[in-house]
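Single chain ahead, written as structure tokens, the form predicted on its own.
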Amino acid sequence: MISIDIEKKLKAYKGQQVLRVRQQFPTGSITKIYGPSGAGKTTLLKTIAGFNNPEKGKIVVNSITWFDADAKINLPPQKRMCGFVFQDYALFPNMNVLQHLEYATQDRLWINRLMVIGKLEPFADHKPEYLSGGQQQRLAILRALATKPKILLMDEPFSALDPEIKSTLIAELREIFEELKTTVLIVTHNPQELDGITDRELKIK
């Protein structure tokens, strides 16, 4: 269970805005997060992961306090161990596809399974610059899954995929999420594209 009750200042064209989120995400749930540009969707994911801090509030995960502004508790990202799919992929330019996954895990069977799911087996020795945008996006998803995270935060993870690949990948990811009992939060600009995978939704205004 992820329990969030935070306030975080946002930089906005109209001056100061505040992201306020008070929400619980049950273990194993898959939530789509949507709302207008600049509302704080990406900021929410980064705040959960520990990449930035809210001014007020608490984040509690499975009864462990990750952040508490009043008690001055702030677990660093490496201890929160969230899987994170960045909107810009954040791939390592000097590593090929296989090395990205080996960097995260030594489980060869798991790596092979992920490569098949992402349809990246023929590109195992390719570095990111030689991959298409869709292939890079799939690699970013696979890398985030390589550690078998209990919490997975995904920022526009399917935006570069064509409809057929997206549909197949979403179905296979749903199976993996259920198998790992991963709690997943997915930011999207198009809520309809996630109807086949999510069971909850959060609109940020």
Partner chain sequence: MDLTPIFLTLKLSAMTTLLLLVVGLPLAWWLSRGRSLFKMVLEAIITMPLVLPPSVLGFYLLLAFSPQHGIGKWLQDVFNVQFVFSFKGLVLASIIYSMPFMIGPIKSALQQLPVSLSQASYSLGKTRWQTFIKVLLPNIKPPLFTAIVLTFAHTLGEFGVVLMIGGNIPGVTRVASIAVYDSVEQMDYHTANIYSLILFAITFVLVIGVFVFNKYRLKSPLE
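Just so we're clear, the structure is a prediction, and the values are computed from it rather than from any experiment. Positions refer to the first chain, counted from 1.
Keep in mind the form predicted in complex with its partner chain is missing from the figure; the text below concerns it.
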Can you tell me whether residue 167 touches its partner chain? I mean in the predicted bound form, with a 4.5 angstroms heavy atom cut-off. no
Does its partner chain come within 4.5 Å of any heavy atom of residue 94 in the predicted bound form? yes
How about residue 147: is it within 4.5 Å of its partner chain in the predicted bound form, going by heavy atoms? yes
Mark residue 58 yes when one of its heavy atoms lies within 4.5 Å of a heavy atom of its partner chain in the predicted bound form, and no otherwise. no
Note: exactly one of 124, 73, 116, 81 sits with a heavy atom within 4.5 Å of its partner chain in the predicted bound form, namely 81
Where, among 46-54, 176-184, 59-67, 156-164, do residues come within 4.5 Å of its partner chain in the predicted bound form by heavy atom distance? 46-54
